[in-house]
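Same chain, two forms, each on its own as structure tokens: structure 1, then structure 2.
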Structure 1
């Protein structure tokens, strides 16, 4: 809560309202016209702001969009299920719902695409969006361990590897289902995925 503006601050301060208007306008523009067709001139006009103001705050489209969508992902919570399977289903459904919103799906994939040739952006995405959600896996595992559904892993490095893998599996699978295969992420599908994860292929297919 303390001011961390490093140097002396003279002159007219930056408008806080402008920041909010720009981020909101960015999300609107993403929904309406898509990533590639969205120009920063558009965003500035929608926000009632000069392009200069926008470039004074962000280096480019990528940085702006990451900031504009990062907060949307913090809505995810681990639902109050009574089994590991229910927890998985709950998270999958929430994530699926998030990916149905145009601004989320478009912006997320756009910045991931850009990040394939921009390591700094990749890091920013991971810290600002992805890693924050690993808490869901950790919470879910802990609950399942308390219920006796999963064993305790004593080696911390191994435990982290497990968590990372599970996160990749769940997040990657839902994204692929929603954005590539273009199929619904509904109750039935979520249960099938949860069944596969918990029981393994031979049992799940039996």
Structure 2
């Protein structure tokens, strides 16, 4: 007698449209009512989905808000510049424009404030936002190396350390400028930042 293999259980496929609606509703709720008053039930109502749909995707508010912020930062792209300076300026200007949007400012400041007393939230911010956006540094460095503007690094650990530092300098400076100092992230400022950053990097001719 042959045994019959039961069909695989695939479950209901996840809807990209529902995900997008939930993340957008999360950002809207943060702007309108703030972190403390926002609930998953309120987000579900705003997004027009059942609570169960939301709970199947996110375990709690922390995870949901971080993903809502991460989706915004995924809009950043490395511009097709003709030099390392042009690439840095292009990314900085994009970042500055992103931080001018109320939903970005509110959501980012909310998760950073909450993370000061929540190590698990800090880890999720790093994996969902920081590590994903570090791709811009890696792409820009690789492009500059191909153009002969930067030397190739032979020690992987040192190369990773340098990428971390470059990301921290750019992201930290732009966030402080836009959200703390409340100064403009304009062309002149971006060029000045790029000049300072590149002056501190080794050159291919060194």
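Numbering follows the first chain given and starts at 1. As the structure is a prediction and not an experimental result, all values here were calculated from the model. Under this definition, the rigid core comprises the largest set of C-alpha atoms superposing within 1.5 Å between the forms.
Only structure 2 is derived from the form predicted on its own. Listed options 69, 110, 47, 170 include one hinge residue for the rigid-part rotation between the two structures, namely 69. C-alpha superpositions between the two structures give a turn of 27 degrees for the smaller rigid part relative to the larger. Overlaying the rigid core between the two structures leaves the Cα of residue 26 displaced by 2.7 angstrom. On rigid-core superposition between the two structures, the C-alpha of residue 51 is found to move 8.3 angstrom.
Core superposition places the C-alpha of residue 42 6.0 Å apart between the two structures.
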